[in-house]
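Quick setup: one chain, the form predicted on its own, written in structure tokens, and binding and motion questions come after.
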Amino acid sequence: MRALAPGRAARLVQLALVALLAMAPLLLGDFRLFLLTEILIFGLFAASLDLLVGYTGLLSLGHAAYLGVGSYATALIAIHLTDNVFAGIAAAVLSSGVVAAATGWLAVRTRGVYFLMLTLAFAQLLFTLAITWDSLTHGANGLPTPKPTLGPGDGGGALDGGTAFYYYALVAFLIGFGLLRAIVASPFGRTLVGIRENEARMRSLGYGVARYRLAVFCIAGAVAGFAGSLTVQHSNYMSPSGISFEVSTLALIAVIIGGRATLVGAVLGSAFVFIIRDELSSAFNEHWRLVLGVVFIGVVYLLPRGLSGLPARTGLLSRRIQTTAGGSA
């Protein structure tokens, strides 16, 4: 039997995964479906961070800032203007993109640890603002929001219930993830990889490195805002904890555990982080973070390419064993 071409095999695997996700409500209970919805939303957020970390080489510790801006924009729109999901998403993407442009204009002109600390500083500034601007954000008490609606006369019924919202989140995830895949496969995406690999050479070839970095920073921020809008629509609540340093850290851990510069690795890593958090928190209380830290160290040392590189590493190990066995025979 002739083997499938690698590209065709990959497409078949992708279609199988999408089909499995579409069947999830038939296979999972309410809690598991709720968890899967959270994984898809956070996975999209982590994938937007991978666009910076994996493809451009910009290590950010403040990406939750744009998730939070999008979340608050959606919450405020829902409370004061309309609870329509599309209005909330538009407000989130626009506001997060604008804030990313303003902060990125300064951040992308720095390198290494300076970029890392500057993104962290911006995120902490917005976190402090979310806590202290009580008249707008209600501070630490947070903002409860009405149920999202799809259109006039809906009344929240169309997205009421775990299954309905899951399918909405799945479609939104596929759109956002497809956009990120299209970006990294485009000439723009290949230019980002070139900048990551050899910035000096790309600059000598006439590429405006700062402009490309600012553009990808804005795109990543806008997609993070998109994920933030979905987060609020899912929980009907937003508080400063959604913009905290821990959220940025968990996203970065998810990217590294899943595998950088793959996008799908960020989603795998998010699933891994959420499963550890939700499955172990009842047994270990707050110590689940310790377990996650041990797993993170193990992945860094044993799986440099993360979980997404596990099949290739397993295949390489299998070939080495077969070679050794054949040589000894």
Partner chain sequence: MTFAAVGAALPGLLNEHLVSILNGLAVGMLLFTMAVGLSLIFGLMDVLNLAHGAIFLLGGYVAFQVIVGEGQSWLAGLAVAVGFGAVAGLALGGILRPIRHRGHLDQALLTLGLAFVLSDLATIFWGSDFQTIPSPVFLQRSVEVLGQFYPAYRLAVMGVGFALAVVVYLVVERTQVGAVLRAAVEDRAMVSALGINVGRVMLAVLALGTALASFGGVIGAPILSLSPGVDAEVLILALIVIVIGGLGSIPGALVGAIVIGQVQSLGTALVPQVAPFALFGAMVIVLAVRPEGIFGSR
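Everything quoted here is computed from the prediction, not taken from an experiment. Numbering follows the first chain given and starts at 1.
The discussion below concerns the form predicted together with its partner chain, not included here.
Residue I256 is the only one of V85, I256, A73, A169 with a heavy atom lying within 4.5 Å of its partner chain in the predicted bound form. Taking L159, L129, L214, V98 one by one, only a single residue has any non-hydrogen atom within 4.5 Å of its partner chain in the predicted bound form, and it is L129. Contact between Q124 and its partner chain in the predicted bound form is found at the 4.5 Å heavy atom cutoff. The shortest heavy atom separation between I79 and its partner chain in the predicted bound form exceeds 4.5 Å. Heavy atoms of L116 reach within 4.5 Å of its partner chain in the predicted bound form, making it an interface residue. Using a 4.5 angstroms limit between non-hydrogen atoms, L252 touches its partner chain in the predicted bound form. Contact residues in stretch 211 to 239 (any heavy atom within 4.5 Å of its partner chain, taken in the predicted bound form) are absent; none meets the cut-off.
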